[in-house]
Structures are given as C-alpha cells and as structure tokens.
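In the structure tokens that follow, the same protein chain appears in two forms, which are kept apart as structure 1 and structure 2.
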Structure 1
C-alpha cells in the first residue's frame, strides 16, 4: 500500500546517509586497526600502503594498551567529562534557583548568563588561556601581582606589618603545564555549559507545583527542606537530560585541549588519536576502537537512563 510506503521512503535519505556515515569510516578504522600501517617509514616502505599482507592481529591494540599515554588519556577523558558534569549541574541548579524568582532586570541577567553558550570553542579556549589565565600577561598574572604589591605595602606598615610579614608571596599558576592544563579546560568548558544547564533548570522550575510549595511553607517547612524534598526531585529529569547531552559533546572535546596545551600531558582520547594519526595509523585506529567502546558504554548507560523519559 502506498500509504505505508511513502513515509518509509521519506525517512530513507536520513537513515541511509547516517548509516553510510557510521559504517564506512568505522569499518575502515576497524580494518586499519588490525594491520601495520604507517604514513612514513624509510625502513619498511611496504607498511605505508594499507594492505591485508601487513596483518598484525591484535598487535596494534597491545601496542596502544602498553603505551603510557593511553591510560593517561582515558583517565583524563573521564576526569574532564566528570568534573564538567559535576560542576555544571551543581552550579546550574544553584543559579537557576537563584534567578528563578522575578527581580528587576531578570531578563538582562538571563541574556548575560546565556551568552557564553554561544561562543565558539576555539575562541573560548584562546580567550581563557591567553587573556585571562596567562600567569604573566593575563588577568591572573595582573591580579597576582596586584595582590603581592598590596601585601608588600602592608608589610611596610608599622604594627600590622608583622602580621602580614608571615603571609607568603602568591605564585601565579601556569595553566599550560602538565598538571594544571586539564583544569584550564574544565574551567572554560564549565563556563560555557553552565548557562545551558541554568536555562534548562529554570524552564523546569517554572512548571514546579506552586500550591504544593505554599502548602509546605504553611506547614513550616524550612527553605532547605523545600529545596531538598520538592525542588530537587522535580529537577531529576532535566538533570538527567543535561548530563546526557553534555556527555555527548564533551567525550569528543578537542579544540580546547589542542589550544590550551597541544595535549602536553593533558591528552584525552580524541587528542591521542590525532597524535597517533600523524604517523602510526594502525595505533590511531586501535585507539579509535577503544574510544568507540568507551563511548558505547557511556551511551548505553545514558540512553537507558534518559531514553525512556525522552520517549515518554
């Protein structure tokens, strides 16, 4: 019957396109992950062409698992994603509750607050790492110098000078260093995505049952228990959605890491793959397969959790 066929025909282009998009490159990755394949090799020129002759079995996977960067990259991926999720949800709930009630200029505050969400990631990273977090030339450097100058002046003053003499000189933090660059990434992405969480939580708060709340107030419920037993359960669903959507975006975080540190000790999985892909395609592909597996674990977990609420 044409009645059934036309709708199916209509969704064919989207389904076919996505199927090709998913299957073709991914099967190539799978294939490359089982062969020896490098871009440049003077010693073994036969490895520079993808060929089944260069079959390596699980050799690439072994190589990747044994490289010290791999574990670090997984740790870093998880550290970055989890920290961002944790911070954006906490800050998002607090700020949404704060600005939910009408006050003078609420509309303007909303516009100010949402702006970071629309900044392109490349600009976000360049702006934070240079103009703000740079230990010498950025605002951080200027602020640290200013505070140190003030402390010096206070040390000179009689009487209280002794007290301030015990204070240490402040040291600016270099956010391009190995140990700190992940935090720079977390700060800038949290800045960008907290507004998203705030707006979603605010939308949800507006549908909160006001009568229930008034009844709670009349019963003498404290602000805290109102929040704990009424507001927070009401926000359960939007929190799950914020977590899911952000996980989708942050597992493939790349520009920020590239710009902050060029992966200097702060590699996540996408960055590590990019690095391998400069020469060792076999290893890059094996890492890619690991990244797919990790993403799938997260995806199954999240879609189980949120999928049902999306479908109602």
Structure 2
C-alpha cells in the first residue's frame, strides 16, 4: 500500500460520516417536497404516509410560491440579515478601535463587552421585548414618560414656555406591531452579535503594524487618514469573515421572531417552514429547498467576497 493511500483511508470514515450527515436529511427533504405528505387529513388519509404513490411533482413548490407570505418571508430574511450585518460591522469596528488603546480597567471592559454574545437567543428576545422595548413597562416607556414630563415642566416656564409648547408629545413605539417587529429583532440580534465582531476585530488589531502608524504620524497624517488608509485595510479580511459567519447564522433566525411577534407580519423563511410543518410537510420541505437555494446564493456571494479579500 502506497504512502498516499494511507492518509486517504484514515480520512474516509470521517468523510463518509459527514456525507451521510448532510445528504440523508437533504435527500429526505427533497423527496418530501415532491409528494403530498400531511400529518392530519380526514378526507384523504393516504396523504398522511410519505408514499411515492402521493407524487405531486412541483405542486408543493407552486403552492409555496403562491403563498401570500412567501415574498414577505424572502424580503424579511434579506432585510434582517443585511441590517444586522451592517450594524454589527460598523459598531464592531468602532468599539474595537476605541478599546484597543490601553486604559484603566481595560480587561473588565472587554469582558463586559463580550458577555452579551453568551446570552441564549430566547432569553435575549424576552429581555429586550419585555424589559426594554415594551411601550408601557419597559425602559422605552419609562424614558418617553420622563421626557414628556420634562417637556410639560418646560412649557410652564415663563420665558421659554412658548418655544417648548410647539413640541409634540412623544409616543412610545410598539415593537410588537406589524411594521416595527422586524426592527425589534434587528436591534436585539445586533446587541447580541456585536461582541462577536468586536472580539474578531480586536484580535486583528493586535497584529496591526505600529511602525506604519508611527511613520504616518511623523508625516503629519490625521487620525482619520490613519484609520482610513491603515486600520480599515488591515481589517478587510476579518470583516469579510465576520460577514460570512454571521450571515449563515442569521438566515436561520427563529426564536426572536416567535417571541416578538408570533410571525404577525414578520416572517422569515425558517418561520414559514415552521408554520407549514405543523401539518403540511410537503410544503414545508419545498420551502426548505427554497431556503437552501437562498442560503447557497448568499454563501457564494460571501465566499467570493472573502476569497477576493484574502487574495489582496
């Protein structure tokens, strides 16, 4: 046996296990998406069995495409993912640059900044929607009530009362409403995942060439010029990696949407799959295939971006 075949034989069990782990669920999902398969049907009990005799072809895909929530789920998936990526990258870079310099209590600050990443998603959603974003009992309601009380007091003053009298009374925002529930999800997930970006960027900044920065200072470069032409190019690869990893995770958000709105006007593809899976397994499987296609499109785009960054 040649020396080249030994490493391949040693790798074979792991490769076969990974293939089974990935291909079997995908094959079953693909099969279910082409048959009529429901969990409960008194009119047609034969549909409750995943039999090839219930072949439907592309009927499940047509049913999903004609669903009133499908386009909404696609739009919300892209809105939530893109918004979270934009906010986490911007905040992550700014916070990482801010805490990169030595200051008293730096270690404690770094630990506190990273700690939100270890909060469970369901716990994170419950805390935000009930204790912070609630318009009555949350911090938002308390803050709006305090500001309105301050404005009322200023309106009573003799000199500037007329000026503040023109200010409208603030109204708290209900983040459980149809139009704003997606933004509640974006806020809470951004808070949870920004520490991940901070950790990656902060680690990368430790290897930044300080001699280049010293030379730039001697040449009279401003702080903004140093950040734009030295720090940002240095963070190019970490930014690309953070975007790719977070996009994979955020495409599968479910708990936050369920807790915030129960899917009322705010659904993504995983949530739509869950709704179909309550009874219509065929439609749920077809939606899952659409989700796989969307994830692969996003992954190809991000891998190209990462590959381009790594080649530079």
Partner chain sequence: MAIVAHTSKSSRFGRPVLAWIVGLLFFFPIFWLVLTSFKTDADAVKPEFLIWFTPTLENYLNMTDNYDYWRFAQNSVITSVLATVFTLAVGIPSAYAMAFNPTRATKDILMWMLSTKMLPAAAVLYPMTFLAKSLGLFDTHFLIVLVLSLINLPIVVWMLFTYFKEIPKDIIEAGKMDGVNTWGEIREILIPLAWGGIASTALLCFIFCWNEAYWTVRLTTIDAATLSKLIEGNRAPEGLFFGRLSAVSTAAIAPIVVLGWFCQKQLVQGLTFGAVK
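Residue numbers count along the first chain shown, from 1. Predicted model only: the values in this text are computed from it and were never measured. So that the term is clear: the rigid core is the largest set of C-alpha atoms that superpose within 1.5 Å between two forms.
The form predicted together with the partner chain is structure 1, not structure 2. Core-based superposition between the two structures puts the Cα shift at residue 16 at 3.4 Å.
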